[in-house]
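Here you get one chain, nothing else, as C-alpha cells; it is the form predicted alone.
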C-alpha cells in the first residue's frame, strides 16, 4: 500500500486506517465520523486528499487536446451565460471511452492559456495521462506530465475555512477577494511566469482552489509534498479555537452523498454516462440531441437509448443498507428494480413532520425549528431499470431487512459551497 505525506500523523493520532485505492487512508479519528461530519457543517474539517493526482497539460495545443478528451465544452462552460473557460477558473467533467462509459471524473484548471492542471482520482494518473498522450499525437503541440505522488493536497471545508486560512496567508486581504466558486489562485511552486503566487506567512507556495467534495464552503490546497505535514499542523493549530477537526474518508463519503456528488468507479463507471444527476458535466445539446462540442464518447451518448437510470434518494431515518451481492432495490411488493450504488448517513439532516428536509445549516426563517436536533438520514444513489419521479419511494433490502427511501432531486438543503466569499471571511 502507498502512503501520503501525512500517514505517520494519522497513525499517531489513532486514526482507523484502511485501504482506499492504492493508499492506506484514515477512515475516521477518535472523535468519530459523526462529529467529523458535523464539524464541516458547523465549523471546519480538514481532509488529507494527497492520494488524488495532478496532471499538467502544456503547450499551444493543450486546450484542443483537453477539449477532445474531456467532456466539458471549454468554450461554453462558465456561469449562466456559458462563457469560455479562462485563467483562474476550473470546471468539472468526465473522461469517457468511445462507448460513452466513464474512465474517471476530474477537474480541469486553466492556469494560463498554455498551461492546464487536471485533477483526477487515486491511481488514475497513469490511466488519464496515457489517454491524453495517445491523443496528443493529433495535436503535436501539447505535452502531458503525471505528477502522481509529487504533490500534497489538503482540503479545508466548512463555514470557518476562510477565517482560518486568513490567519496563515501572507496576504489574506488580496488572496481572499474575488474568488467565486470554482476559481483558484497561485501555483504550488514559484516557477511559473505569469502566475501571481499565493504564499503562507512562512513562504510556502500554494495553489488555492475554491472547490471541494463536501457541498460546503471551503478550499482545496495543492502544495509540494514535503511541505504537507507542516501546513496540516499549522491549519489544525490555527483553527483550534474555531472548532476544526481532522476528518477521514467516512465523513467525506457521507458529506458528498448528502451533497449529491458521485464517487467515481462506484456511482459512475463502466456504463454510459447518461440518465444521472450529473449531466451538467456534459456540453449543452441542441434540439436534435447533438452536443455543442465533440469529445471522446460524445457520439455514443448522442445515440444512447436509456436502459438504466441513476437516481438520488433520502431515507426517513439514519438506518442504511450495507451494499453487498445480496442487496438490491425493490418496490413495495418486493419486485427487483435495480442496485444500490451508495448508501451513507448524512448526520446533519432530518425531516419535519410534513416530510420536509432541513439541516443544521437551515435558518429558522427558512423553516428549521429552534429545537431542531437532526437524527440523520440515509442517502445515496441507486441504479434502476425504470425511471422514477422525485417523491416516489423504493425499498433497499438485503433479503432480510427493508428500508424505505424517497427518490429525490436534492438531499441536504442549504449547502454553503456557493455562498459569496465576502459573507464567509
Partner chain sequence: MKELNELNFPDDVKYTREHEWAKIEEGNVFVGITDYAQDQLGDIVFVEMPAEGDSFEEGEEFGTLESVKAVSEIYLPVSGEILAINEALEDEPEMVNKDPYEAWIVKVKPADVSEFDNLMDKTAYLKLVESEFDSEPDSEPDSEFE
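Everything numeric in this text was worked out from a predicted model, so none of it was measured. Residue numbers count along the first chain shown, from 1.
The same protein also exists as the form predicted in complex with its partner chain; that form is not shown, yet it is the one meant from here on.
The candidate site formed by 28, 343 and 401 is fully in contact with its partner chain in the model of the complex, as each residue has a non-hydrogen atom within 4.5 angstroms of it. Interface residue among 97, 238, 266, 141, judged by heavy atoms within 4.5 Å of its partner chain in the model of the complex: 266. Checked against its partner chain in the model of the complex, the residues 245, 249, 205, 107 give one hit for a heavy atom within 4.5 Å, which is 249. By the criterion of a heavy atom within 4.5 Å, residue 319 is counted among the residues contacting its partner chain in the model of the complex. Its partner chain in the model of the complex comes within 4.5 Å of no heavy atom belonging to residue 58. Mapping the unseen interface onto this chain, residue 34 counts among the residues with a heavy atom inside 4.5 Å of its partner chain in the model of the complex.
For residue 234, no non-hydrogen atom is located within 4.5 Å of its partner chain in the model of the complex, even though that partner is not displayed. Stretch-level contact check against its partner chain in the model of the complex with heavy atoms at 4.5 Å: of 148 to 156, 216 to 224, 311 to 319, 83 to 91, the positive one is 311 to 319. Contacts with its partner chain in the model of the complex, taken as any heavy atom within 4.5 Å, map within 1 to 27 to 14, 15, 16, 19, 20, 27.
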